[in-house]
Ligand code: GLN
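Here we start with a single chain on its own, the form predicted alone, put down as structure tokens.
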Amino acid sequence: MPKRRTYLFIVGGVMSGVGKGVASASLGALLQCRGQRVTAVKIDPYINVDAGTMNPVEHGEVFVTYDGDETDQDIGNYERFLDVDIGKVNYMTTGRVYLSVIERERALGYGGKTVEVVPHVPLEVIGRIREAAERADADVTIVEIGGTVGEYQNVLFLEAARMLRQQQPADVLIGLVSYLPIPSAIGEMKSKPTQFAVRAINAVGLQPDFIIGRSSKPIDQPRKEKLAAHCGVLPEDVISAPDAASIYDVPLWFEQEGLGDRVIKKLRLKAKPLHKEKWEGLVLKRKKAVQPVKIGIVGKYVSTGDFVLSDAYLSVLEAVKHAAWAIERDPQITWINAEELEKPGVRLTAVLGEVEGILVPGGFGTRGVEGKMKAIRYAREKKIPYLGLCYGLQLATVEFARNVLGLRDAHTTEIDPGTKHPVIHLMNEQEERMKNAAYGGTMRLGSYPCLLAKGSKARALYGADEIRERHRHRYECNPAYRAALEERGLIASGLSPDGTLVEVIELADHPFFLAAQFHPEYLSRPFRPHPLFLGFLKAAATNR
């Protein structure tokens, strides 16, 4: 007899960005604590096939799965909260779904039938959800639909939820994450926007089984009863979700609100003993971390208009937190716009003098490059702990070649194709793709092995000779310059198994100067900080 699969759709009301991803991941963690096998699926309503070609300022971080998919940042939240590796089958977009339907039609996969938006597109969505559930052998599959109800681009995904619920009425729940504003001039929490959101989801044939109410303050009982009366749910199915000091507080807050037990009961899942000790331990560890450690993150996707944007580096930020809490330090992040460092007359000491560690994350393009290299040189010469990620390795190599080897024209061919000293150049297999403008999904993506040199700092941090890490890049260190760089002290301490690609560099005569071509932030977990971030934070915590 086939295993019973249950499905929980999480949709948004009133506005985007209210925390559907964290709510989905937190609820998944609670179900895990009750012995359920959980996986999570993210649906994004845009036409892009994946997240890889979108501007991080507009969309936020691109998270890379182990099997090389460029996805929305919520997949990273699922991995961190559930502590599992999630593959490309768990991610879909409107563009990806339509592409699959069209390709199947071209191959006569529909047997000559007229292919229609309904039912064939929702059926493709349902098929993908079921495949994700089967691959994970999940008891519960949480499906987050991006955006909000009432948006035109979400109609087909809501129709998929309706059709799946019609097929398996006892196995599907709908949860609405909605926003309850408290206008400062009024001083009262208003429920009317959420009531309208429920009407919008009712209009497509769905009724929420519970409502997670996001707000700056907890929802009081009168507001819960009012929402229940107008939205067709019980008062105990209105879950208060106020702003939290940390996203890792949310699972225990949901537990306090009784959400885990409500879902177990509604899905008729077997009740198992609750084990939430690890989440309680994490929250306690975060609260005990009061002594600060000051980290400067130098990037170019750090602002939009008058607002600071951290979503572009979300996994980096979370990895710093995981490592800092592990050593009982409070991470204090300073976001540094690399373009500001390029302005004439800027004193680096004024900008970087207070930080105890400098981190340069991944990125692309010309903007802010010289500013990043100024920060890298400052870290190298002032003996400030430095961690470089992807572009942070490439620019550290360029900076060293220029200022230590004396190759003043050294550069990456991404920025200067005609440089006399291309210490960073395009990978061989990428040349044809770039000529044909094949940009989407064609980088070196996903998990690859790396061999670490004996006696190196990287080897000591990992405690292993061979590791696997996730990549997202087209350019690599030019092997023609490796010997000259190593002779002056920039050691290639991590290489691909065939010895051709530099994966890690470090300086032996520095407290901590290490950079990786891969993205270690993707593998950091709140209960298992990544060894490179842990080493970096320990070095920063002892730096004065």
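In this text, all values refer to a predicted model and were calculated from it rather than measured experimentally. Just count from 1 along the sequence shown to find any residue number.
What comes next is about the form predicted together with glutamine, which does not appear here.
Q: Check Gly362, Cys390 and Glu414: does every one of them have a heavy atom within 4.5 Å of glutamine in the predicted complex?
A: Per the other structure, all of Gly362, Cys390 and Glu414 touch glutamine.
Q: Contact with glutamine in the predicted complex for Lys321, defined as at least one heavy atom pair within 4.5 Å: yes or no?
A: No.
Q: Arg474: heavy atom within 4.5 Å of glutamine in the predicted complex?
A: Result yes; Arg474 sits at the interface with glutamine in the predicted complex.
Q: Does at least one non-hydrogen atom of Ser178 fall within 4.5 angstroms of glutamine in the predicted complex?
A: Result no; Ser178 lies far from glutamine in the predicted complex.
Q: Is Gln394 one of the residues lying within 4.5 Å of glutamine in the predicted complex, judged by heavy atom distances?
A: Yes, Gln394 lies within 4.5 Å of glutamine in the predicted complex.
Q: Sort through 450-458, 466-474, 96-104, 182-190 and report the only stretch with a non-hydrogen atom within 4.5 Å of glutamine in the predicted complex.
A: Residues of 466-474 come within 4.5 Å of the partner.
Q: Which of the residues spanning 508-528 lie within 4.5 Å of glutamine in the predicted complex, based on heavy atoms?
A: The stretch 508-528, when checked against glutamine in the predicted complex, contributes only His519 at the 4.5 Å heavy-atom cut-off.
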